[in-house]
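Read the single chain below, which is given as structure tokens and is the form predicted alone.
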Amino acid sequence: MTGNIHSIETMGLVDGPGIRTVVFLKGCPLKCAYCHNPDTQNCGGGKSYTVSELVNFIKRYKRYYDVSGGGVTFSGGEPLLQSAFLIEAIKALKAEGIHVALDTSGYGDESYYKALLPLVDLVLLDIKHYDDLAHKKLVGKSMNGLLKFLSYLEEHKVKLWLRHVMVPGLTDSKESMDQLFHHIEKYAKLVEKIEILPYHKLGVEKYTQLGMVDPMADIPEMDTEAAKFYESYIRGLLEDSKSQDRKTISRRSAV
């Protein structure tokens, strides 16, 4: 079995805990207006790896994973498009004692989810928007795929880091954070971390190189300090929710 891989980044520090190797798979069913990797959207191109070739490459960095609490993160594109390959690769990595994270938007073939998700140590889930109509406009699909994926994460009790790209004039407000939290509150027990990622223009040159039109060419970058403020705000909502859950459990135990 082979996987179609765009690129591999070693010594990554932001896509999960510790030092990580990040494997970017080709292909994505979404067309995010703010995509900074448009070169991964197409399923064609890339380099073909067998499971053993990929695992042998990744194993070279195992000592860094071990000392830092790191591992491997599968990203994209959308890694769920290659779930059959992912399942076999993750099984082999777990046999080597390597931590595996999945960086995804939650859109793939759900027939693989029950086999895939129990193998994954952590899911980094990118939530594009909280409103279905705005979600369709922003990425080209409704929220149904995301909500279905979340239900599988809840079923399998997968640890979560939630991510949201904040775009000026789109979701940069407390009201937007309140609405976003409304959608994720029922999964609070699974959520270890929420990250608000400020929209940036680091991928603008790729659009030119690919002969593509940047749909957000007129949108400025998100102010990083403002993004930190909103991240602190929604993290506070998460902690309040968890605190209420703990109090409820404590009261029930006392009865």
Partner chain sequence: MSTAYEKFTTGSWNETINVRDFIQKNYKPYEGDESFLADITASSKTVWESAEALITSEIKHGQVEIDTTIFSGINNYKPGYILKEEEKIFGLQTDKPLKRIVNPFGGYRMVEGSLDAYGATMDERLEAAFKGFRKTHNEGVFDAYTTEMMTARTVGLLTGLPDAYGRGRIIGDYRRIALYGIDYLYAQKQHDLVTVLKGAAVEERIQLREEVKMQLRALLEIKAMAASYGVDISKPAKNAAEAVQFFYFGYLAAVKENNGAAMSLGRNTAFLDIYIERDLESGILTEETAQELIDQLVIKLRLVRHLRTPEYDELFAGDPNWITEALGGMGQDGRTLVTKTTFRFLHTLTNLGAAPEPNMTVLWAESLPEGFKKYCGKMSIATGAIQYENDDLMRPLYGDDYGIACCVSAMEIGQAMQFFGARANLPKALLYAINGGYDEVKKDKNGKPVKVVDGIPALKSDVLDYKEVMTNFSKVLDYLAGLYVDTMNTIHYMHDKYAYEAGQMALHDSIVKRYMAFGVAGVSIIADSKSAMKYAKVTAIRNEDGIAVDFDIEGDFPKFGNDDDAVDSLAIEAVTEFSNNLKMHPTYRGALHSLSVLTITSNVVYGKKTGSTPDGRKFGEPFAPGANPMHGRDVNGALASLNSVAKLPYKDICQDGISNTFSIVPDALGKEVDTRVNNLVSIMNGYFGNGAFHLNVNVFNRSLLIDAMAHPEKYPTLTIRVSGYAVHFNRLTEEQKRDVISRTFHERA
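Residue numbers count along the first chain shown, from 1. Just so it is clear, the model here is predicted, and its values are computed rather than measured.
Another form, the form predicted in complex with the partner chain, is not on view; read the next lines as being about it.
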Does at least one non-hydrogen atom of residue 233 fall within 4.5 angstroms of the partner chain in the model of the complex?
no
Is residue 10 a contact residue for the partner chain in the model of the complex, using a 4.5 Å heavy atom cut-off?
yes
Proximity of residue 189 to the partner chain in the model of the complex, heavy atoms at 4.5 Å:
no
Contact between residue 237 and the partner chain in the model of the complex at 4.5 Å, heavy atoms?
no
The one option of 156, 163, 183, 99 with any heavy atom within 4.5 Å of the partner chain in the model of the complex is 163
Using heavy atoms only and a 4.5 Å cut-off, decide whether all three of 24, 60 and 68 touch the partner chain in the model of the complex.
yes
Sequence-ordered list of residues in 181-203 near the partner chain in the model of the complex, where near means a heavy atom within 4.5 Å
195, 197
